[in-house]
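What follows is one chain in structure tokens, specifically the form predicted on its own.
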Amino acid sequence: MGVTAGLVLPAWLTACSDDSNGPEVKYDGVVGIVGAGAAGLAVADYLISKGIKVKIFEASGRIGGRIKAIKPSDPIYNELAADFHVELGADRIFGTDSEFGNLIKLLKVPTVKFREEPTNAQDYYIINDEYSTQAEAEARGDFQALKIFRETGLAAYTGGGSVQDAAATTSDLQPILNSWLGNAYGSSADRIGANALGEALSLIEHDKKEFMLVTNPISDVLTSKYARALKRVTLNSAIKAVNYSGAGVTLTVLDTDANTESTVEVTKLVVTSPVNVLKDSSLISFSPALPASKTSALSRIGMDASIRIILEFTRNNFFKKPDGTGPAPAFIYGGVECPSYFFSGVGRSDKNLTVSLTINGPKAEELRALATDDERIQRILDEMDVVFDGKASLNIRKRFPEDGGTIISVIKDWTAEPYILGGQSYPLVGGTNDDRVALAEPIADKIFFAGEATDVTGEFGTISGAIKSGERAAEEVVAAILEENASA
């Protein structure tokens, strides 16, 4: 739970973490919180600030949920060429004036907007196995049409079907569509509902600029802002059953280390579990069962397989055009086996040799079906070699390269995490934002819901969305307590 050196809270924020002045809200009960990711920590922080007692149950052995980084203290870090932390989950922040963006400003954490000065990194594209610069891609009329659809057309779209149906782009630009509006939102363009995604995009109010943290991993921001909540976390404690039939809520808690169960009583409960966990009654069951409105909403919200692969190269000139010159790459879009290649060192290091590959949806499922990590990496390299004339395999970093060596890589399979089971939520065809409203609705003023899947402001799948959902759920808890106090 430690914080990397260099991240210092402003004095007024550290003062806010002193909750010794007496409760603002009188309440003798204890609010349980399922999950110590961004949403759960936000819930806890808000309630603690009101003087309400909380207990956070985290199924895994660490804080952060789908936020995780390779830090200098991690053994694998010494094998990497990167001289910066490498994110294995959320890696960028969307919106300099978003909920999380504003928090980062308050904490004065160094950031870089990598497509702007001083880096001016550029996006590149794979079109029909040919490598194209931004300028080359934008010279195509069909690319311009797809870009307009992405930026404004989808948000205004009112037809039905999938994003792929709605875009109706040319076949050779389908992979770029999938990179932009399929893989980026947790799945593939033929699985994501166009109406619901367009509706969500129209709700976003921030500037939509992407940026990264330079010196601190994203987890540092969470552990700094929510430091007082960390003391309320019990790790390796999975909630297996929730019984809210009585006056309070009885939890069946599995100690995932000792494989033993116990029961804990709380007065109210906030559930921040991911969609795939909520759908699996063998992981968490509710008594009484969840209302039909919630199960119906869950049936229209998907959550697919997700894999992050970190690869490094001995040189990256072959990623530039022409002849190894030109702007540094930020992203490569349009791959089939890997829809999105992110150069995570841009703006943070002179060593822009680390490539972060995000594979969601069907392609992640295909990779998971392969027997070994070597096969998974080779599938990616085979695609890159077609585009870069064999230079990807030639320049991949290896251990003991003089003897043939083995490829240095890190693979994080989020689907294999037993209480996460995938990447992020996304709307299925036929879904709407009302599904997230229904999923977020409290039950009997005792069971409340948070987490990125319950964000109703268009920011599902993001840290800002998770935090906003946590704050919204915490406000609902306080409102319920105040109403009870008033009627007592």
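Numbers follow the displayed sequence, beginning with 1. In this text, all values refer to a predicted model and were calculated from it rather than measured experimentally.
The discussion below concerns the form predicted in complex with a small molecule, not included here.
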Tell me which of 392 to 400, 77 to 85, 231 to 239, 167 to 175 has residues with heavy atoms within 4.5 angstroms of the small molecule in the predicted complex?
231 to 239
K225, heavy atom within 4.5 angstroms of the small molecule in the predicted complex:
no
Tell me, yes or no, whether G37 is in contact with the small molecule in the predicted complex, where a contact means a heavy atom of each within 4.5 Å.
yes
R308: touches the small molecule in the predicted complex, heavy atom cutoff 4.5 angstroms
yes
With heavy atoms only and a cut-off of 4.5 Å, decide whether W414 touches the small molecule in the predicted complex.
yes
Which one of G335, G198, P274, G345 is close to the small molecule in the predicted complex, taking close to mean a heavy atom within 4.5 Å?
P274
Using heavy atoms only and a 4.5 Å cut-off, determine which of A121, A155, I284, A137 is in contact with the small molecule in the predicted complex.
I284
